[in-house]
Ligand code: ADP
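In the form predicted on its own, a lone chain appears below as structure tokens.
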């Protein structure tokens, strides 16, 4: 039995701020239980809902020397859907209304967490073959495995995998501070280790010292070797390219299933969507006060409203979009200028544009089910999950060819009758608009072709099972069998 431990700062269903939580919470369920014992360790935040905290069992606690003081480390446990979740408890570090907040404090908190997570393993009696670390919050673990935890029998053969979910966030502060938080010697603060541009960098530590590095799509794995996407670490990514591979994320096909989804008006599947999917559109038009028109093309957007997601492109051509025969439904929060821009257009075009400036899981499902197309013009997108949900719900994605979007959405080819969506290459508002209008033409003038696009989209399998097989290969290679 191969033992794997996922260590991360968040995991569904306990705590979630982004796609990272989906990966850490959903992927472990998909491994072959006969051969892999995959467990998860995250902090026990006070902001985890009480109903989950009440279910956790106390296992043990110990005191750990951290930054010259003896600190309490509690270990809680809960088994969810057959997976063992461990929670590292210290209210001094993990209180507060959300998991991240003050950047400097986050650096200290997650340095403590990396120490505590490894120190807890002998206490719980779980000796993983591979510790799979996610993003900068766990970047010190591969370093520690080669440093203070390398002696002794318990840790000596432990391998580490480091997964980059978004290279933009790296855990950077001045060297003195990072050195104090991490407790690492001067040896580690050189340009070929944790130092980057005169600062300390936790993510860089993970990348330099991990036995293998993955990121969340093949294209993103290539892109981060280039200066534009490399966030200052492209040279390091090129140097470590032999150990770097892209494995595309999946989505939980039980949670996102139009045939059983209790949050949508009318369930449907690949066989009957032509008749049933429209009922979701009617219900949403009614609920949001849009013109009730079966034939009108509805474009959905569910996203953080930030530059990274391409909203400057949408802003630039918003007036043009609103002059077309479409409806636009936007759900999300983010930068004030984009929130206000959508509010303005919803006021100006009341039957056409709906601006839902908040986040709601049930509403996101309704939008995936009701929309005809889904717009995602990201500047960069390590993997992206929204386009996978759109494909699952038979909602045709319109995306920019970057990262995971390029890997998962095949552009429509009218001559060969192939493709699952529409895409454009350059980060350019008019190129995006042309792509949207091409989709409109197919939707209005070639209904049969449009329905075949949906057939192909719904036939795609982006469940976690495919990704799990690739991770299994990686673990086997690392462990050596």
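Fair warning: this is a prediction, and the values are worked out from it, not measured in the lab. Residue numbers count along the first chain shown, from 1.
Below, we turn to the form predicted in complex with adenosine-5'-diphosphate (ADP), even though it does not appear here.
With the partner omitted here, the stretch from 377 to 385, 118 to 126, 313 to 321, 150 to 158 that lies within 4.5 Å of adenosine-5'-diphosphate (ADP) by heavy atoms in the model of the complex is 377 to 385.
Just one of 331, 288, 184, 267 comes within 4.5 Å of adenosine-5'-diphosphate (ADP) in the model of the complex, counting any heavy atom, and that one is 331. Residue 302 is the only one of 298, 107, 141, 302 with a heavy atom lying within 4.5 Å of adenosine-5'-diphosphate (ADP) in the model of the complex. Although the partner is absent here, residue 214 sits far enough away that none of its heavy atoms falls within 4.5 Å of adenosine-5'-diphosphate (ADP) in the model of the complex. At least one heavy atom of residue 364 is located within 4.5 Å of adenosine-5'-diphosphate (ADP) in the model of the complex. Remark: residue 358 counts among the residues lining adenosine-5'-diphosphate (ADP) in the model of the complex, judged by a heavy atom distance of 4.5 Å or less.
Taking the partner from the other structure, adenosine-5'-diphosphate (ADP) in the model of the complex has a heavy atom within 4.5 Å of a heavy atom of residue 309. Taking a 4.5 Å heavy atom cutoff to adenosine-5'-diphosphate (ADP) in the model of the complex, the contacting residues in 1 to 40 are 16, 18, 19, 20, 22.
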